[in-house]
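The chain below stands alone and is given as structure tokens, in the form predicted on its own.
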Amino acid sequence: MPDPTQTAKPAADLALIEPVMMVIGGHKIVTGDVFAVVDPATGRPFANCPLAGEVQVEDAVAAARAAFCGWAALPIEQRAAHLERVADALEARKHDVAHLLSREQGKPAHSAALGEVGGAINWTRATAKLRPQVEVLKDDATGRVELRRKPLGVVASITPWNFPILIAIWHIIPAILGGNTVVLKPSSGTPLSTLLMVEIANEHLPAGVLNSVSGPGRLGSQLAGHAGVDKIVFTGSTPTGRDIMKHGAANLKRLTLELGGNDAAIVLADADVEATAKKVFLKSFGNSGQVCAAIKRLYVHDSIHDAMAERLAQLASAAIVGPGDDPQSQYGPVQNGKQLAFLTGLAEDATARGGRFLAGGLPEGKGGGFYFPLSVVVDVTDGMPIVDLEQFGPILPIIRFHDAEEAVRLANANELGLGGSIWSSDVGEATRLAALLECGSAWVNDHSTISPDIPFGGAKQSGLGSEFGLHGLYEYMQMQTLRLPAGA
């Protein structure tokens, strides 16, 4: 998941389209410095955002630390009630948040952006119902041993630009439910909607429980190395995850890292071409391909390769790509210019190596925006950058195979291991092969489907730890064994 490496310079003639500010210790913070946020539909700045410095980061950590003891002491039922009110408040402002989200991220406001905010609301409510369990490990004449879980302290959340609201909710809600306090740093590419969400949430949380700072990546490095931060939860690129791990080693921070994915889907010879193509299309190109667990490599058996590729190309060519405020748009632009250049380079390299684009393949310069069409490319193989690297955009390479075991070997050869899938009319055989995939999540006749009650995390270089459900909640809690005398 690439993230912008530098922040756009402030534009003196811009005013915030939404009066959003950072929140530290329950107070809205006004800073003298700002940076510009770019509209990916035009490639031009449309708003200024408050810019935090080292002082604001220090203040945010201190506020979270000061609020921790009181928040951790509250019964979990009371903490959950606060979160239910946060969900209600987001529900009341969902159109405001979705509009801002669409403007800075690029996804269509009427569908994907509103869907993301709705998903965040539902996720908040589902997570608020989780309860840590006391496990009895021993209870006999020699004594009783219980396994309990306690909050860790201050959690720093660093979020990416592809799902600014939903991923922030994935981070902060279990952290807060578990009794921790949070400092949230959104991507500098999409900070505004996240800051607005934090403002809304703070109307229903005690001061200091949830704090926000916005600015470039160096703020994340400051948080990762901060002695007052007990845990880092980060979603983003593998190289940045490694850097966070290095900085966090100073005080042995707990880490949850959801990193890059180059998910492989393997379509066996007996798969229904039409039904499979429709589902694979949705699981490849959702959010214009900017999804960690999207299908990014499609291995198709030789006997149905051409038919599958042609059908996917038809679906891609028919898709409407446009600005987020256009009701006709089904897919938006790529979020930033750096990612557009990366995709263009991959496409050009694939063409030079003999790849054929059946759909798309060249960026579309609509009004200066970061548009790349939904693209399907064939005659590519492992060893080419377009297959080996995570595209994180609307390009789907299709690789021909003859033997299913060999396809699994190729899928596993990549250093990343977030997700993978097998597609077949023989569910038993598909299940056998799915179990051989070296990834954190595997699906049969599906891909990238997730839910708040099922753990999700990466294998190999795709991350550490897990999110969602009780397993995810426990990532924000310290395990403690309690030894009691017999009969206690």
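Sequential numbering from 1, following the sequence displayed. All of these numbers come straight from a predicted model, not from anything done at the bench.
Keep in mind that the form predicted together with a small molecule is missing from the display, and what follows is about it.
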- What stretch, of 276-284, 311-319, 151-159, 352-360, brings heavy atoms to within 4.5 Å of the small molecule in the predicted complex? 151-159
- Message: Given that the small molecule is not shown alongside this chain, does C292 nevertheless sit within 4.5 Å of it in the predicted complex, heavy atom to heavy atom?
- Response: yes
- Does G261 reach the small molecule in the predicted complex, with heavy atoms at most 4.5 Å apart? yes
- Query: Are any of the heavy atoms in L418 no more than 4.5 Å from a heavy atom of the small molecule in the predicted complex?
  - Reply: yes
- Query: According to a 4.5 angstroms non-hydrogen atom cut-off, is G220 in contact with the small molecule in the predicted complex?
  - Reply: yes
- Task: Only one of P191, G369, P394, G236 comes within 4.5 Å of the small molecule in the predicted complex by heavy atoms, so just point that one out.
- Result: G236
- Message: Just to confirm, with a 4.5 Å cut-off on non-hydrogen atoms, which of T127, N414, T256, T240 contacts the small molecule in the predicted complex?
- Response: T240
